[in-house]
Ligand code: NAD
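Have a look below at one chain only, the form predicted on its own, in structure tokens format.
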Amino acid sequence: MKKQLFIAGEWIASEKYSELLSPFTLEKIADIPQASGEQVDCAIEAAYESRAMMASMPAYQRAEILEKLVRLLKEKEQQAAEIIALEAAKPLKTAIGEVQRTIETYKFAAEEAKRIHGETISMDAAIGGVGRIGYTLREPIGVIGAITPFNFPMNLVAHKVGPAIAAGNTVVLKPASQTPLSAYFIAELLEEAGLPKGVLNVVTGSGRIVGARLVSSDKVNMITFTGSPSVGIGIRNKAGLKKVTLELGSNAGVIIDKGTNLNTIIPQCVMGAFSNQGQVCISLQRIYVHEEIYDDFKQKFVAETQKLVCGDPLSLDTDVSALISPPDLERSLQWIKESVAEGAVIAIGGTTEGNVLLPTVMLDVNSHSKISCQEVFAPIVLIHPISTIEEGIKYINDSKYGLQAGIYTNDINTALHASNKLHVGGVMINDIPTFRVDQMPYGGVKESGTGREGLKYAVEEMTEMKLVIWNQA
């Protein structure tokens, strides 16, 4: 299968191609075009030339295109899930869940297209404003450069493309090198849904060419990026006055208070730690359990982890499959080895079956170990005892990241205290930090990024406010 670039509504070959391999079998899936700098410029130019047409398109038409995409995606749900499972090694049942979320995301985008509005200003609240009427408008920002990761190759594309179209913008999309097939699949469906030529352009290739061109181009008005902090910080430093939203790393933690019903929460915590092999920005990486229930918690957590099925991502029985690449597998094993050398104990896992890292639970982990203080992005979780809730809050806040955190407690005052003291973008009370639905505001503080996703909030990021004042004198 030889794919092509999607530029100005046309499918275009490239001079260079790279092989796309299955993370699970390491067998070739497809040949992926590697865009040249000139082709990236053509994609930017197509988006730039289409921006006025898209900005003038009525809201109901933008909504209709997105609604048609929703219908088409519903019809091809299984095919879409199989693409994700194949290119990302995401277990099929998890991939089906991602497609269902993607459908919801585009549905929310269609609805938000009809709700973009400003507000009236009470001009006569100021002495000098008497006799004037003021109001604001939300206008499309223009050309958006969208750079997406491999871990949710369809839904995180939707979180950038959906609100961009809803707001009347045009897009140049660079999907992750390992998961371009999902992005091309959505481009095909949007073409079928009637999206005008040039509104969405999909270019694959190296970040040094495609990403750099997007960030440096004067014709790109905004960059929206999901990925590593190092790349995100580099983008922000080079973007100049462009608007930039960044969803970066995390090492999400949860606090388990004494008195919590462990039988209820253990399955949630196991899912939060090991779903998609832990390759989730808000994957549960650190668990801080009150010492009174620590032993019971770790025993039940390990027992629940033993139930997980590891293997072929295309099997509906599989819970955990291969990490995205062999280097990521090697890195994860090295981090486990380093942690053990520092005194940590492996309660379960820590080994491989083929290209699959078995779900790994670590105890007695040094707070300065990589698997604690960095983003592990693998099926590895640590469990650590605490004597007070305040100690758990301190552990979670002692991080360069701050995306989401959770706390399980039966005490409302404890919950309120934690929600005030946890320095993160989102606090989940009586839930795992891995919880997300697609309309909620989502984003972090510190090195977890800037700006918010979630359709209403993404639309605000992707529009400019204009003030209009009428002098009635």
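Here the structure is a predicted model, which is why all the values come from computation and not from measurement. A residue's number is simply how far along the shown sequence it sits, counting from 1.
The protein also exists as the form predicted in complex with this ligand; that form is not presented, and the subsequent description refers to it.
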Item checked: Partner-contacting position among Leu403, Val365, Leu73, Leu284 - heavy atom within 4.5 Å of this ligand in the predicted bound form -> Leu403
Note to self: Going by heavy atom distances of 4.5 angstroms or less, which of Val270, Leu248, Ala80, Val356 would be at the interface with this ligand in the predicted bound form?
What the structure shows: Leu248
Checklist line | 4.5 Å heavy atom contact, Ile121 to this ligand in the predicted bound form | finding: no
Next item on the list: Would you check, heavy atoms only and a 4.5 Å threshold, whether Phe225 touches this ligand in the predicted bound form?
Entry: yes
Margin query: Check Ala212 for me: does it contact this ligand in the predicted bound form (non-hydrogen atoms, 4.5 angstroms)?
Written below: yes
Item checked: Proximity of Pro313 to this ligand in the predicted bound form, heavy atoms at 4.5 Å -> no
Item checked: Partner-proximal stretch of 121 to 129, 105 to 113, 303 to 311, 149 to 157 relative to this ligand in the predicted bound form, 4.5 angstroms, heavy atom -> 149 to 157
Item checked: Residues of stretch 360 to 388 in contact with this ligand in the predicted bound form (4.5 Å, non-hydrogen atom) -> Glu375, Phe377
